[in-house]
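Take a look at this single chain, the form predicted alone, given in structure tokens.
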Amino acid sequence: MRDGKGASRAPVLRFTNCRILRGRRLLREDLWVREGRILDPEKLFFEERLVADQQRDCGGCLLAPGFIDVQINGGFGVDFSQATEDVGSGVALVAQRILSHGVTSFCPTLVTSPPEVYHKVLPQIPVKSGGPHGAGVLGVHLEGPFISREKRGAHPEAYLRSFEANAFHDVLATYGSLDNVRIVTLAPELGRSHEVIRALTARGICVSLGHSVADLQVAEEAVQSGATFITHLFNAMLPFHHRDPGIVGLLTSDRLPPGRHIFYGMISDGIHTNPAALRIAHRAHPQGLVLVTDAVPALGLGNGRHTLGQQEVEVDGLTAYVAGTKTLSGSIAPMDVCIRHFLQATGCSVESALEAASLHPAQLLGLEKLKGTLDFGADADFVMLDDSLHVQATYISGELVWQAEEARQ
């Protein structure tokens, strides 16, 4: 495009006939995009004296920020915890396939593994912007191996570790480089964990509490040291008890540092968490709830035996177990399914359900100025949904990257 002086400029896109999620409300407004960012139309009109170069009729659809999945172990036959020679191609496949579920950014997650797996895999998963090739990679989520034996869930006991005398140096020896790491899940009751939490957060890494037998006091001390997240609330932790609510008690604790906001992941797949538990958590602390899939490599493949790191997983219907046991092993529900189930189970507003998969994970990672929002200046990553919250199209940086068959008619 050329402006009035003949200079070349980026085209302005205007999405019309839609409701957009902005400021916790659904607004009947148009969405304006240029150079991959969301525009303030008033500045465009009155300061630049420009109008849209292209208009797209959204057919009455709802536009929400692109979904962000901060815990996904793989999918479509790809296992992020397998040390292959070409980890990147597997990550790329998952990144491409989750576009159809409205996910525009994600944190590939590794379960408890031997050190040689981390050393080989982590350098192969760099942070990467999203686009037509697939959802963006925000950094890796390392779930384990510094977790509780008692609450290890589907994590292989043989590879669990504790913090030894050198604490953070032992972490580096286990993982290798932390350059591509965004989240680490650990059990705060392990000795010297607070030293490790402080060292990780000083490097900009989010520390999450999970797979743990910690009581509430230990959990509060971990938050005071810098932890900000809880990995899949209720799962793989001590059950709530009225005299010591454990990690769950962080949702209503009055001993958190001033201004500190605790977030917590929920697997809303209809299997991992009873609807009543979803309602309790949401009503206790709605602004901290982050929907995660915890999807395993069997996502999208159906019944049968599949892998998850060093273990075999058996899928039966909607449930994934560690083979030969009744231990749950992640989920096979994609993000859009989790959102719809969460909405139905809790009776929350559509706005709340969508923000739990977009704004809240962005806030957790400190990205809320760019991701998880349709505010002016943010990245134009968004999903187009019908009234029943089925994905019709997915956009990254204002570019159409996936479209449902019926939306092409």
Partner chain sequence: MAALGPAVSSCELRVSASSSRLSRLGTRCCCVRGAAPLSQTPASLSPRPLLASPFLTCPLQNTMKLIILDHYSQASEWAAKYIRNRIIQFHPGPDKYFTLGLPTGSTPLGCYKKLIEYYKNGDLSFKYVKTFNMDEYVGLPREHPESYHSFMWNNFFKHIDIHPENTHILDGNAADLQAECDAFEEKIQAAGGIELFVGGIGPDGHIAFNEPGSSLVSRTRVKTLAMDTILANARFFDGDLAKVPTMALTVGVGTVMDAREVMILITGAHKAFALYKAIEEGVNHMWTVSAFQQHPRTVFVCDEDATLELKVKTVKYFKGLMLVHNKLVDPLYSIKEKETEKSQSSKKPYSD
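Numbering follows the first chain given and starts at 1. Just so it is clear, the structure is predicted and the values come from calculations on it, not from any experiment.
The next section is about a form of this same protein that is not shown, the form predicted in complex with its partner chain.
For the three residues Phe342, Ala345 and Glu351, a heavy atom within 4.5 Å of its partner chain turns up in the predicted bound form in no case. Glu29 is the sole member of Glu29, Asp375, Glu35, Asp53 with a non-hydrogen atom lying within 4.5 angstroms of its partner chain in the predicted bound form. At a distance threshold of 4.5 angstroms between non-hydrogen atoms, Arg14 is in contact with its partner chain in the predicted bound form. In the predicted bound form, its partner chain sits within 4.5 Å of a heavy atom belonging to Pro41. Contact annotation: Glu47 falls within 4.5 Å of its partner chain in the predicted bound form, judged by heavy atom distances.
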